[in-house]
Structure formats: C-alpha cells, structure tokens
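One protein chain, two forms: both are listed below as structure tokens, the first as structure 1 and the second as structure 2.
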Structure 1
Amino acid sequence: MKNRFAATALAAVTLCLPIISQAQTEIQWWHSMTGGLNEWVNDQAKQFNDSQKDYKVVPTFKGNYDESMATATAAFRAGNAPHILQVFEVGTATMMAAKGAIKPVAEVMKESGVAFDPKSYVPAVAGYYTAANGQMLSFPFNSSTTIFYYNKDAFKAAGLDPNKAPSTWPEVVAAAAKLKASGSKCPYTTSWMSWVQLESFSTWHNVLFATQNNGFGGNSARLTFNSPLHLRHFENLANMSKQGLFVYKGRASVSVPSFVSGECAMFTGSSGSYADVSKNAKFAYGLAPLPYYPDVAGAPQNTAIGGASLWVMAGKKPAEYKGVAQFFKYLSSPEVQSASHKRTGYLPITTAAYELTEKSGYYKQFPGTDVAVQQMIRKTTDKSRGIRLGNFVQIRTIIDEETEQIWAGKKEPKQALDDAVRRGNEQLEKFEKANKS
C-alpha cells in the first residue's frame, strides 16, 4: 500500500516536472467587456493559451472603459500596470501622449520578430491608431461604427417601403412625419449624440470636426463643429424635436432599448448594438448606412470609428513582450477575426477577415451586417480618418450638456454649438498645456 502510494506520487511528480520546469510567462490583460462580450474575451484568451505552451494570457474585467483606464493609470503610477490594456477610442489621444507609459505595438512586434504588416488592416481602423510617423501604436481590437436601424413593421404601418431605408436626412424627416401620422410616439431617436451626430456626421460629410485634421496633426487642434453644415444639421434636428419627429432618449447608449422595444421606429447608433437588436427585437428590422445631406460635395465619405483598442504598457520584460506579440498575431489571423466579427458585430479589423466572412456567405444570410464594414473599408481622407483629441471624455460630456439644452428648448442650436466649441476648446488648451512635448 505504502509502496503503491510512493510510486503514484513519484509518477505524478515526473509527469508534472516538464510543466514546472517550463514555467509559463503570464500576460495580464485588463478589459471592459461585460456579459456575452466578456465570454468572448475569455474564450479568445483560452484558445490562445491552448494553442501554445509558453505564454498564458490572463484576462481581467476592470469595470467600464473609463473606470478601467483610471484603474490602469493608478496601477501604472504604483508600478503594477498590466501588460495589455483595452482603451476606448476616446482615450486614444491620452494614451498617445503618455509616451513613457506605453510601448507602441509596431515596436513590440518588431522586437519580438513577429511579421506585422499595417497595410493588411482596414484603413479607417488602423489609421486611427497610427501615429503621424506611420507607426502603429495600439492594436485594433473591437472596432465599431455608427449605422442606421429602422423598424420595418412600423414602416409598413406608415405606408413606407419597408425595403428602402431613407438614405438622406430630408428623407428621414419625411419618413418621420409619416411615422408620426401613423401614430408613432417616437419616429426617430439616436444614441451617442457626439459620436453619431457630430463626429461621424463630420467624417461622413468629409468636413472637419476639429482643426489639425481632427487632432491627427498634433495637440494644437481646436474644435470646428459649429460650421454652417453642422449648424444646419442641428437646426434640422431641433425642428424635428419640436415637431415630435425626433425624441431625445438620453446620453450614451441609454436610448438603445427605445428602439429594441419598438417604441422608436428609426435609430442611429453603434453597429455593436446589432447584438442586442438581433437578440431582442420582436419586429422585422433593417440596417442601413447613416443618412447624409445629398447636396454636400464629397458625402458620403466614411463614418468614424468607435470601440476600443489594445495598448501595451511600458516597462515589462522582453520575454513578456514576446508573448504579447504572439497573442496579437493570433488575434489578427483571418479565422479568429472573422469568427469574432460574426460573434460580436464588431468590425473585422483586417481586409482578409472581411473577405473570409464574405466568402462564408454570412452577409447574405444576415442582410445588413456588412453595412458597417462597407462604411469603413473605403479609403479615408485627411478629414475622415477619425477624431483623435485630448480630454475627449470631457468634450463629449460638454456636447451632451449643451445639446440637451436644444432639445429642452432652452438654447438655440447656434448658441449651443458655439458654447460647446468654446468650452471644448478650453479642454483642448488644457490638454495641450499638460502634454507639451
């Protein structure tokens, strides 16, 4: 009995030895994905861990995007930063300015000897995370963009063609009027006021949201979204609001349930809301490109990016960076990307992944799921690469605060936009001052 025990123990130890001697390098990954997306993140880490023996990626949920970023900066100050940090697009300029805190992805890949071609990425996505010198700074992970959703059943009831979404703003107004006449209490609503109605609106119409090519040219950018075109759009929305054609349903993505429940017939928001819509909507719905003003030259161009990317934090060991590089290589393979795209509704980040998804017949099976990709894979212009500004979190809140005054009838659109630009510029000046290089 005793002998057998000893034999088993010995066998166990010998079996374990190779694993013990070959200690895995742990890679900490902090993210902000909840619910189904949290499972997605965990599955990606698990599949990577199972695919090789040297590294172990450990994903940890650290709260909302702003919370996890605040936690990570505090951790960095205390010397405990993770290897990989998921940062929302709004935090991009802050991360870029933090030169000593991050390690550019291009550098991580190069030093680890992993082949890496920035050209294989979707231009609007990769361009957003690329520095002026062409160096890719962060790894695009979950990118989304803004699209137009509509309720086909409500369209039918209002005598509109359910298979033809309004493609211009005048058409949206006309459709909203018909929907209201047929009894709809909320013909049109939107989520993410700044992202949809100002940022995407700007890139879609190929006009600047801020100078310095929307902040890509440097920290001295100033806001320009009180231009005649922007003003025209907000006067249009304000009129719609007065007539009950546009109903304000709150900041960020609070308004999504209003569309999903069938209360609102038309909705503009993140392509990432598709997961929620497809799962919970009890009516026929359609996905379409964002509306535009047909008389604007150059429109439609492409929409602005949203979502998040993965940043590599500075001050880690070379072996750990090798692991990070391997993990990124794994994540960008067309198969993994295509599977993620189908699973989450986020954009495929490489052209190869898009082509693979198309070949699989997915877009034919789920019509409209390619709208977001189609809006993003076009060649970008200097005005449409995206919006990358410092203190962007505050600027977006300022835009929320000022535009709410329009819907509440307290301010005229012109004054609200002018005030938002003035207050936003104060934030930009502050950022410029804090990040003099």
Structure 2
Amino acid sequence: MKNRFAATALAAVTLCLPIISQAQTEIQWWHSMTGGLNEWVNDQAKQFNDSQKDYKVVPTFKGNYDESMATATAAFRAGNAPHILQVFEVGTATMMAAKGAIKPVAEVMKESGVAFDPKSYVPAVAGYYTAANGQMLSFPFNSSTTIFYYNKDAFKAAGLDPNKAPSTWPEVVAAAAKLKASGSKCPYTTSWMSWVQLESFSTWHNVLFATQNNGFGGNSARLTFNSPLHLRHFENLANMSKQGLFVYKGRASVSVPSFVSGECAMFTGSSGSYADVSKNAKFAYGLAPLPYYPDVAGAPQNTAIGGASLWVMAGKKPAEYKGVAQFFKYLSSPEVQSASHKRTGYLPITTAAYELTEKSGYYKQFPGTDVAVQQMIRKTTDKSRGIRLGNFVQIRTIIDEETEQIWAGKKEPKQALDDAVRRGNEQLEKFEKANKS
C-alpha cells in the first residue's frame, strides 16, 4: 500500500513538472563575454533562475561586441530579437538613435512596478546611459574603466621598486628601459588603442576628444584628438615602439594574454581584465591608476567609462518585460553587485555596492582593487563625463587602422592622427545627416 502511494505521488509530481516548466517565462539574453567572464554571466543567470520560479533567463554568447550588435540588428528586423542585448559603451549613441527598436529601461521598470532609483547608481556610470531628459535608457552592467597593471616580479628583476608603479608617462618610459635592459622583450603593451590611449587619455587629462562636450551636446560633434597634447603622446608611443619599449599586440583585448602569461611586464587596459589576471597570472602583480603627463593642467581628472550596458529590445509581451525588470532588480542588489565587482574587476554600479565592498575589508585585503572606482567616482567635468558619438564603432576601427600605420613605420603620428580625425568626422557627418530630428 505504501509503495502504491509513493508511486502515485511520484507520478503526480512527474505530471506536474512540465506544467511548472511551461509556466516559466523565458528571457533571452545575448551577450559578448568570453573566458572567465562567460562563466560569470552564466552564473548570474543561474543564480537568478534558482532564486525564483516565474522566469528563466537564458544567456547566449553572440560573438564580440561588434558581432552581437550586428546580429541583434538583423534579428530585430526579422522579428526575433532577444529581450536583453549587451552593448558596449561605444554603441550607446547608435542604440539611442534606434528609438523604435529599444524600450528605455526606466520605462520597463516603471510599467513592471519594480522600484527603480537612478540616483542609487554611481553618477559617472548612470549619467553615461541617461538621456538629456533624465530618463535612464539602458541598464549599467559590466561598467569598467582603464587602469595600469604591472608585473611585480619583473620589476624586482629589473631593479625597480615592485611596490611602486610608474605614475607618469616619463616614469613609464624609464621603467620600460630598465625592463628591456633586464631582458624583457615586451616592457609595455596596451589593449583597446582608442579607448585607452585616446578616449581615457583625453578625460584623464581633461581635454576634449570631440566637440559638443564629446558628443553629449548633440550630433554635430566633431573629433579633436589630433591636438598638440594627443600628438605629443603618440610621438612618445612611436618612439617607445622604435626602441622596443612598447610592443603593439593587436586590437581590442588581444594583448591581455601577453600580460597574463608574463610576456609583457606593463599593461594598460580594462579593469575587467582583472578576472583573467587574478585567475591565471603566475606572478605577483600590481594595479595602479593610468599614467599621465604631470605638466598638463587639470591632470589627472577621471578616466572614461567602458564595458557595456544591457538594452531592452522593443516589441515584447508585458509578462516578459516583468521578467526583465525582476532580473535587473536582482542584478542591482548590493550583495550581487559587490560579488560581481570582486570577481571581475568591473565597477560596482551602485553606491551601496561600493560601500558594502569597502565595509567588507576587500580593498585593504587586495590593494589596488579600488583603483577603478577611485578613478570614476571623482566629480566629472564637461570634458571628462565620457564620450558618446554616433558611428563610434566605425570610428574606433578607423583609429585602429591609422595608428597601426605608426607601429608599422608607414606613417608619422601627425599624419595618422590627422587622417583618423578626417575619416572619423566623415562618419560623424553621416550619422548627423541620418539622425536629424
């Protein structure tokens, strides 16, 4: 009798399982995270799914940032776009212009009845994704900024102080020379040429990358990164390259493994690279602020935002938007944010998450992990708020193409920067014409 009851109960449970499964509303989330960050994204979705029974977030890797944007655009036109799309900060102006394709995140939260206070987010992060009318358009997710990494073991071997990172560009050159003399074949390298060496460089030195306050003032912005200061910096990098002190490894984040493996001793790149460095580096390393030129008034100011945000695509059902809102609420909690910040090196996107992390003693336990936050929470100026331009993806490609001519010895820095500005402005003119209101 007992066995018959157990069998009947098991059958009832089995019959119920498909019903529970069918009742879940599925939320498709397209992203561009790889390696350790891919594992982080999958864990975020799993932990949310395990926390409740109404919604199931399904993360899907869709290629790098450029590729996922292109794929999502095609999917939207075909009527099968995802609910959530991760878009890097460079695509922000393009997404803002695609008004029929997106649903502002503030609207999603309000209609779903989920409390949402934009003021709880770190100002420099929230401001970047907020429209002129004060409405937050996308959800800050993996916000990062540019920082300086160095190999303490290599510094020690070269006779440098392993507990003191170069804080200025002249100091970087001097350290690179000593590292080379001690046998390093790659004293210094960088990722994201435009973001690190031009965009962050500009905000860090409180000079404009483009007019109209770097595009925040309107679509008529034009590029200005061929100024005397920018030229001075690229002439400096070109000289370092000729002497073997700077080694160009490739576009985007291609150079990250060169530092993680120990091949390159100094590296400038995303704070988000901390996930790979902390997991895989077999040497002692240090994190430090981005170098600057000490004779430039106003430097250092603050670095530029990077990483990506989550955009909600238009045309979905109200129940699906409620699921999106619940997922964003989950991601915003101080505990989840603080854990993500510690794991990845991305910024804590809310002030509460930063305070929770600080209170836990994490920054004292791991010196340097607060560098990215400290660089971003400073009061920004009109020149340092960030850079938000149309066709920015194409402009970054142009900058890669032109600056690669310098490292290959085919163009002088002035010619390369002038050509990048000219070609980039052509992209801005196209964007302005296509988006006249």
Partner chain sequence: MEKRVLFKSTWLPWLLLAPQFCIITVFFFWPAGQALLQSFQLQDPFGLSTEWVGLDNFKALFSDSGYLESFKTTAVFSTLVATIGIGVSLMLAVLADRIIKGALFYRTLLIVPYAVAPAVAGVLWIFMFSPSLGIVSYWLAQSIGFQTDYLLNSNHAMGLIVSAAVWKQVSYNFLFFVAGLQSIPKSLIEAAAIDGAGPWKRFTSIQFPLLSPTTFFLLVINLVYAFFDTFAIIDATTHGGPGRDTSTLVYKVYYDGFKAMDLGGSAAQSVVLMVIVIALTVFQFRYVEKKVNYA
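Superpose the two forms; the largest set of C-alphas matching within 1.5 Å is the rigid core. Bear in mind that the values here come from a model prediction, so they are computed numbers and not experimental data. When a residue number appears, read it as a position in the sequence of structure 1, where counting begins at 1.
In this comparison, the chain shown as structure 1 is the form predicted together with its partner chain. Relative to the larger rigid part, the smaller one turns by 12 degrees between structure 1 and structure 2, according to C-alpha superpositions. Comparing between structure 1 and structure 2 on a rigid core frame, one finds that residue 132 has its C-alpha moved by 2.6 Å.
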